[in-house]
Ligand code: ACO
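Read the single chain below, which is given as structure tokens and is the form predicted on its own.
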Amino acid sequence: MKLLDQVKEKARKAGKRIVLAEGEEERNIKAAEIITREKIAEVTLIGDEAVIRKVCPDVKLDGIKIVNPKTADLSKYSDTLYELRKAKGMTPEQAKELTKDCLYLGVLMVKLGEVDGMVSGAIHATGDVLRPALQIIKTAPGISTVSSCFIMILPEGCKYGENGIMVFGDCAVNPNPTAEQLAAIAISSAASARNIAGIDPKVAMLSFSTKGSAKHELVDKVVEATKLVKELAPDLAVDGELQADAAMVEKVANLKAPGSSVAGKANVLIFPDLQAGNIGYKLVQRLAGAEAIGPVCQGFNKPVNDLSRGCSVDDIVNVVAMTVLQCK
């Protein structure tokens, strides 16, 4: 069974509720119908039902909950937002106005436990999606940084990763992470590898140096991050600093990092900055023909995932299924 089929099958058994905040957008509406029909999750759309039916007149809305921010009583949401943000200077009037925004309303529904997670971003920028989640849901206990990863499904017969699956982080959120942020990215990416990809994470902290082969402050940051990961997650298989070939190729690992439990066997690659991560996953996607699933947002106390604005209906369905597997 392919990974995405496995993810959907697990999602069906979980019985979770997901809100699609951009509920009047065509791809989201069509995805909601598929998700409901395939019983991947219970779906809530935020929007006006009349608009939704006009946009997609042939879509069946049976079993889909619709919340219209123009007509619904939003007082409990605005009260919650005000209490959470009044120390930052938010007024009750500002909270009432923000609650009408579909992204804030969706996140507040997650916060209040009415749904288990949110997926958005088909028509909103990443910053717009993540901002209310950072303000309202915040990070999970022990995690200081929200980040992202891509699940890379390598071409059949590829010998790298675990059963042709690797996880790359962070490729979409943090431009220049500190050592502390890199450590958080590594721990979150390992959790994503385990919970979504179903693999036993072996985490390589990547650099242009392997075990002191080069001296530079950029290398020092990766060394410090590796040390922090080992302190924060002592049971996690992690090693660094490692060059990419030492991380993945056993022969190279035996020469450059003998005795390492990760080198030559890594299936989770942590890039030192966003430039390297974004370039790396796209090169593997294009040159190796790998399927890149994501980005998967990680580190929130409750799951919120950001879509690409170029996403397809199938992409939304897949991200919803992965979001379900992030729910507690």
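All figures in this text were calculated on a predicted structure; none of them were measured in a lab. Throughout, we count residues from 1 along the sequence that is shown.
Keep in mind that the form predicted in complex with the ligand is missing from the display, and what follows is about it.
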Open item on the list: I have K88, K138 and Y281 flagged as a candidate spot, so tell me whether each of them has a non-hydrogen atom within 4.5 Å of the ligand in the predicted complex.
Closed with: yes
Task: Proximity to the ligand in the predicted complex (heavy atom, within 4.5 Å), stretch among 259 to 267, 281 to 289, 27 to 35, 42 to 50 - done: 281 to 289
Task: Candidate from P92, P175, G113, P155 lying within 4.5 Å of the ligand in the predicted complex - any heavy atom - done: P175
Task: Of S213, T71, S144, N163, the one that lies within 4.5 Å of the ligand in the predicted complex (heavy atoms) - done: S144
Open item on the list: Can you tell me whether T126 touches the ligand? I mean in the predicted complex, with a 4.5 angstroms heavy atom cut-off.
Closed with: yes
- [ ] Please check if F150 has a heavy atom lying within 4.5 Å of any heavy atom of the ligand in the predicted complex.
- [x] yes
Open item on the list: Taking the ligand as it sits in the predicted complex, is L232 near enough to touch it, meaning that at least one heavy atom pair lies within 4.5 angstroms?
Closed with: no
TODO: Spell out, yes or no, whether the shortest heavy atom distance between L134 and the ligand in the predicted complex is within 4.5 Å.
DONE: yes
